[in-house]
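Just the one chain here, the form predicted on its own, laid out as structure tokens.
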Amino acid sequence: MSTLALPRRSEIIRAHQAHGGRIAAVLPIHYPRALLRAFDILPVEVWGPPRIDPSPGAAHLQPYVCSLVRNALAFLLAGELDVADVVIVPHTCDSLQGFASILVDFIQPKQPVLPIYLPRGNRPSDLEFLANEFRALYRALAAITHCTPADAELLASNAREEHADDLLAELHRRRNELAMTQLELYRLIRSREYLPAEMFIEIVGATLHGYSAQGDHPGSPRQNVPIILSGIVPEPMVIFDALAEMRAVVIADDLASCGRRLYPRGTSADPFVRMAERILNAPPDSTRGGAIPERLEHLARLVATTNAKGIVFYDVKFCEPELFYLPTLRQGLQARHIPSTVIEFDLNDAFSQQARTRVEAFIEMLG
């Protein structure tokens, strides 16, 4: 089949602005898309980005801060986020909280900087806290835009995002029915980072309807060693081509940018509570303080339901939320006879020969 054509971020941004909409540059990972869209603000996520000159950001940060934060700061200082009307920084980790503090207290970009504080649990008090964070964000956005969407508008926006996320989950489930490479699949999955929900719904709906394959194809787990990919973000994306060359297929993922954001539908009639429910009921995540036993059970369940042969932890260097979990998590996996390996990378690195060799040896051991 021909390569699936996806619009570029710059095209989407220009189209949204042409109709009078605003843009939010959103740092990883969890935030209320529906709330932003109710204000006609399109969230465009900033995962670094990779392969840029990090030195402007490095001048303001400790050398052990991860490349996601270092590159994001360099990107902003280079003027590449000037297109955004607001910068939103979830409190994903200490490094991103420090990033927000640097922007608010020292650099002070031209855009308003709005932090979001995420609770580290899923108790009733955590749900109330997060709903109140979203109410505070609503007030801040109302002051910026001079708009005050009613609850009905917020719920309608949330329904649209829930529909898009239902299709995203179906795309994950049916990944092995689709006649596309792993790289094409993950480009489509990650287009959720910037496409408006209605456009994502149209593209993924057409893909699921029209691109089902009959019989074997290059991504079929029947021909390859099925693995689970865990970590924060799959960069560089050529890792998927490399895995295909090694006769491995990502049968499911536990990536913070992908599989950990398969948000279920909410239940509350209160739009702010409903948005908070969706995030807190997502798969367990180190950046939200998910307990290690919960993370272990989730990964073991993924392995059991997909018949994966092992797990590749593919993590950004210095990512404290991930790296603090790994020793105990891998020990628990080993006790369950689930093989795993760890690869660390920097966003500005190519997929190195050393990493390739290590993954290839792991795949050969599984096969």
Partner chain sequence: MSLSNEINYRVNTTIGKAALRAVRWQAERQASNRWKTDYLAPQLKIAPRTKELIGRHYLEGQYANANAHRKVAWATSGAPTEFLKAMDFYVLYPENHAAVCGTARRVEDISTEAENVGYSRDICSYARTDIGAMLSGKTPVGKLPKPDLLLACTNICQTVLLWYRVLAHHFNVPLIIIDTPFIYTETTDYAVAYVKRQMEEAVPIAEKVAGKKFDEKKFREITRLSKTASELWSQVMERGKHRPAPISVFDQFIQMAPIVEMRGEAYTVDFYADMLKEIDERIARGVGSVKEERKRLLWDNLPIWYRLRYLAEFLAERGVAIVASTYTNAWAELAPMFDPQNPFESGARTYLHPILNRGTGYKLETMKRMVKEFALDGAILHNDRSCKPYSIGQIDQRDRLLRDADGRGVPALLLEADHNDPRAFSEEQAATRLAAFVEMLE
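A quick note: this is a predicted structure, and the numbers were derived from the prediction, not measured. Residue numbers count along the first chain shown, from 1.
This next part talks about the form predicted in complex with the partner chain, which is not shown.
291 is the sole member of 269, 142, 152, 291 with a non-hydrogen atom lying within 4.5 angstroms of the partner chain in the model of the complex. Note on contacts: among 172, 190, 91, 160, the single residue with a heavy atom within 4.5 Å of the partner chain in the model of the complex is 91. Within 4.5 Å of any heavy atom of the partner chain in the model of the complex lies no heavy atom of residue 226. Heavy atoms of residue 60 reach within 4.5 Å of the partner chain in the model of the complex, making it an interface residue. In the model of the complex, no heavy atom of residue 281 sits within 4.5 Å of the partner chain. The partner chain in the model of the complex comes within 4.5 Å of no heavy atom belonging to residue 247. Here the marked residues 104, 124 and 321 all reach the partner chain in the model of the complex, each with a heavy atom within 4.5 angstroms. Of the candidate stretches 110 to 118, 269 to 277, 193 to 201, 255 to 263, only 110 to 118 contains residues with a heavy atom within 4.5 Å of the partner chain in the model of the complex.
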